[in-house]
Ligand code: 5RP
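The chain that follows stands alone, in the form predicted alone, written as structure tokens.
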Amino acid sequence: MTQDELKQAVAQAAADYVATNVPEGSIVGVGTGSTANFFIDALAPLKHRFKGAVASSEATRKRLEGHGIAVLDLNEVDTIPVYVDGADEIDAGLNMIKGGGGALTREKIVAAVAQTFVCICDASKLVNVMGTFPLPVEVIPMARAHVARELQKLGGTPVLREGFVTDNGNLILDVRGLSITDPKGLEAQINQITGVVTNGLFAIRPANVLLLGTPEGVRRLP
């Protein structure tokens, strides 16, 4: 199976999960990226069962609306039964690195409201120790140099994502060279650096369920 076929398989499994586990009339949280796009496409035939969705990015909002799915402002929503999104890396504890598409802050906000976080990805994203994929850190523009110096003290090599501005008007530093053996501790430590909006470690609030696309079929963890 190609990588796209694996993504389509887990996206359909996620749509099936939502159809089975989320009450009718609920709101679904939807992530950002290529696998999330496949999920949106798989969710479209079920749109009559849900009140609408909360989008984690402008790109996701546009794709949802393109399928005729109502998109709600998170401030108007009290609860989200399930949030579905991909990951750039995920470990056995369901801690993740996210933000390759630059939507990490909004993704983290929606995940914080969701009762259940379902991560969907292909088997190549499952790793023993995270850090091969550069860790995205969203920063206030005036703090870019200061934050970069502080990230270097943690052993990383921060690189400005050239020509990219987040939906929030901020910059991304992609931090290379980390071996992330304490995801929760590192997430908290980086978030304490003045000028950091948030970083792409999702460990303080990890995934609850992983749907993993493999050539043998979709595996569910745990």
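If you're wondering where the values come from, they're calculated on a predicted model, not measured in any experiment. The numbering used is simple: start at 1 and walk along the sequence shown.
The same protein has a further form, the form predicted together with the named molecule, not shown here; the description that follows concerns it.
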Item to check | Close approach of Ala87 to the named molecule in the predicted complex, 4.5 Å, heavy atom | outcome: yes
Checklist entry - Does the 4.5 Å heavy atom contact test between Ser34 and the named molecule in the predicted complex come out positive? => result yes
Checklist entry - If you check in the predicted complex, is Val137 within 4.5 Å of the named molecule, heavy atoms only? => result no
Next on the checklist: Test of understanding: in the predicted complex, would Lys108 fall inside 4.5 Å of the named molecule by heavy atoms?
Outcome noted: no
Next on the checklist: Only one of these stretches, 94 to 102, 69 to 77, 108 to 116, 147 to 155, has heavy atoms within 4.5 Å of the named molecule in the predicted complex; which one is it?
Outcome noted: 94 to 102
Checklist entry - From first to last in sequence, which residues of 185 to 222 have any non-hydrogen atom within 4.5 angstroms of the named molecule in the predicted complex? => result none
